[in-house]
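For reference, the chain that follows is the form predicted on its own, supplied as structure tokens.
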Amino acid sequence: MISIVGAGKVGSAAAFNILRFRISDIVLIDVAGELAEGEALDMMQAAPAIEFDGKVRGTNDFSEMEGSEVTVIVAGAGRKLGMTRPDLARTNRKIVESIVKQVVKYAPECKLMIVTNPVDAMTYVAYKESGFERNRVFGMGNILDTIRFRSYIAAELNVSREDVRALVMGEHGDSMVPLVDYATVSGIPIKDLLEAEQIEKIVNLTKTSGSEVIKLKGATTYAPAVEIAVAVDAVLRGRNRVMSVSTFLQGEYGLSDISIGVPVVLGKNGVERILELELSPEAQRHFVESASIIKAMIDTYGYT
């Protein structure tokens, strides 16, 4: 069973994708219990069309998450245009801490996935607050950044997105690091297919695409929702997918006491292992800069 905390647009869309992909039963939890109940009822009425007998129920009762294998925290204030990530962190830290207390009480054996932004800082908060082993707490950020990166590569080359493979590291934010050296199309490095100016354009679009969606429609919904389902599937079914997620580092990439996006193997135990890649000097410099931004935010939290 999977629990999703937050029945807003992203949480509800993620729940429906989990049903649509026939992954698991779901408990959708929100302080607005009627909203969660209504979303669950709507999904159950759609379930015959997708020919899946999985169940989804909505509630405001955190005890309903008992027995969850994966708990996803989506609840929190959304980032508004012009809002800084530190501003958002101050608001959402309290929300995440309060939810994690409930997770520890009712689902102490679960893997805990953080979606609430700023996701790297909130993953750090969740890890410290929960006391869970670090492999059981991870944040979604770079999974979303990666599919944006892949989309822009495919569009520039006019090829199928299915054939594009790529990774993004670092902060889920403006300082993210799209790994150009590791981006390929059916094994062909994009550096062999694109000019430097085209690659620079793709990298910039990847970094700004989230803000562009917020500017146009107020919030991102479909891309994060489907990636929640993909990540949950990797854990629940033990698929050992290679993805970049925000995870707590203990010396990897020369960093400690920070949660930041790095490539991992995501499977039954959560983060099965962290993959340490050889980075170009430019990528390494950008990654260190990205880490310093996250570190400055979490150093104010006072965890030891």
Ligand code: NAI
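Being a predicted model, the structure only gives us computed values, none of them experimental. Residue numbers run from 1 along the displayed sequence.
The same protein also exists as the form predicted in complex with the named molecule; that form is not shown, yet it is the one meant from here on.
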Every residue of 31, 172 and 220 near the named molecule in the model of the complex, heavy atom within 4.5 Å: yes
Contact assignment for the named molecule in the model of the complex, among 98, 211, 160, 186, heavy atom within 4.5 Å: 98
Proximity to the named molecule in the model of the complex, single hit among 153, 115, 168, 126 (heavy atom within 4.5 Å): 115
Stretch in contact, per heavy atom within 4.5 angstroms of the named molecule in the model of the complex, of 195 to 203, 70 to 78, 130 to 138, 104 to 112: 70 to 78
In the model of the complex, residue 92 touching the named molecule (heavy atom, 4.5 Å): yes
Contact flag, residue 5 vs the named molecule in the model of the complex, heavy atom cut 4.5 Å: yes
4.5 angstroms heavy atom contact with the named molecule in the model of the complex for residue 178: no
Residue 164: touches the named molecule in the model of the complex, heavy atom cutoff 4.5 angstroms: no
Residues from 43 to 70 in contact with the named molecule (non-hydrogen atom within 4.5 Å) in the model of the complex: 62
